[in-house]
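Only one chain comes next, encoded as structure tokens, the form predicted alone.
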């Protein structure tokens, strides 16, 4: 489905007075009546000046949003119980800057940015994901109080089209499938090196990795916690399945934890979802693909 791509025109931008704008209008009226009542030239000048400021503010407020482009981009996925992110790219027209632009979910909070002429800025709007699966996209509105805060200028409703994905909430702990984890540290070294002992380099330590593979000399030298990686580690393949005991959500939660741990430890892992198979692989693309498949699994195949 095509994402939102919209450039604001004059017909798409509306203006309403703010509370401050209403108070300002009341002051202008009071000053004008005082000028008429007392025939005071200075009061006339003050009322006309204030009215002119309001008129210029109206023109500037509308021009501030006219020409602004809004493009929907790929949403940010996360695990259930956290917040997913809906993203839009704002681009100011080359002819002028856009000041104090707020992108907000209707009825919710927003993000305010300033854009130089021709500048692009990506905005992310978080939304809580209570359960796994597709999170429906929100309806947005672009607003601004520029330049004086007397008028609120806003766009029409902008409906996003790309839902976000909430992955299954991972279990606290779930052992990887039987036969893939070595029993001893010595066996672990032999397994991850494939018997060749080829050292591939160091990587940053991540929670859940074995302390046996920490490069303690680097830690003592103040380089932080690093773990050793071996060339043969990526040759180990495991299959993660949603079958087992417990309800569907419990099994998906275990599989989610296993995907996380398999990716962290450097295994090549595949996913079994009923009759569907995701072949073994590794890396960010494969990791996200497996979690997305778990998030959308219906348990019918």
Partner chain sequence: MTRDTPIRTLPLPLGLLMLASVVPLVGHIPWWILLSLSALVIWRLTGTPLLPLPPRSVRWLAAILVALAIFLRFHTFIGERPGIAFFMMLYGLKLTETETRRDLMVLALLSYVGLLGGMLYDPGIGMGFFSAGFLVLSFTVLAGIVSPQVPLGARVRQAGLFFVQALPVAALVYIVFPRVAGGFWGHQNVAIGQTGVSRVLRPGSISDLVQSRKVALRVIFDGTPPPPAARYFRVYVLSKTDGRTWRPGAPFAKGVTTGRPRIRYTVLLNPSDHKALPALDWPLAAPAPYRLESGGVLAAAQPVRHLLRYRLASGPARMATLTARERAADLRVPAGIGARVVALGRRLAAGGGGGKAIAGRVFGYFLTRHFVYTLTPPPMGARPVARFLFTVRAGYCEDYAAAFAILMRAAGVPARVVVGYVGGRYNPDGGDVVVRERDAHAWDECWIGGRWQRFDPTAVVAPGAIRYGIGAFSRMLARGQTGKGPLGLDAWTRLARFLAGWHDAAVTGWDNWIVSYGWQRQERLLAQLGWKGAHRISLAAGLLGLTALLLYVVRLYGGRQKRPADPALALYQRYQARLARIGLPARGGEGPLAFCARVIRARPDLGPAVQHITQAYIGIRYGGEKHRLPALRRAVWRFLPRAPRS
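Positions refer to the first chain, counted from 1. None of these values were measured; they are calculated from a predicted model.
Although it is not shown, the form predicted in complex with its partner chain is what the next lines describe.
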**Message:** Only one of 171, 97, 139, 214 gets a heavy atom within 4.5 Å of its partner chain in the predicted bound form. Which one?
**Reply:** 97
**Prompt:** Taking 20, 55 and 114 as the candidate spot, are all three within 4.5 angstroms of its partner chain in the predicted bound form by heavy atoms?
**Reply:** yes
**Message:** Given that its partner chain is not shown alongside this chain, does residue 40 nevertheless sit within 4.5 Å of it in the predicted bound form, heavy atom to heavy atom?
**Reply:** yes
**Prompt:** Hey, in the predicted bound form, does residue 62 get a heavy atom within 4.5 angstroms of its partner chain?
**Reply:** yes
**Prompt:** Is residue 36 one of the residues lying within 4.5 Å of its partner chain in the predicted bound form, judged by heavy atom distances?
**Reply:** yes
**Prompt:** Is the gap between residue 239 and its partner chain in the predicted bound form 4.5 Å or less for some heavy atom pair?
**Reply:** no
**Fill in**
Per contact check vs its partner chain in the predicted bound form (non-hydrogen atom within 4.5 angstroms), the hit among 145 to 153, 131 to 139, 217 to 225, 74 to 82 is 145 to 153
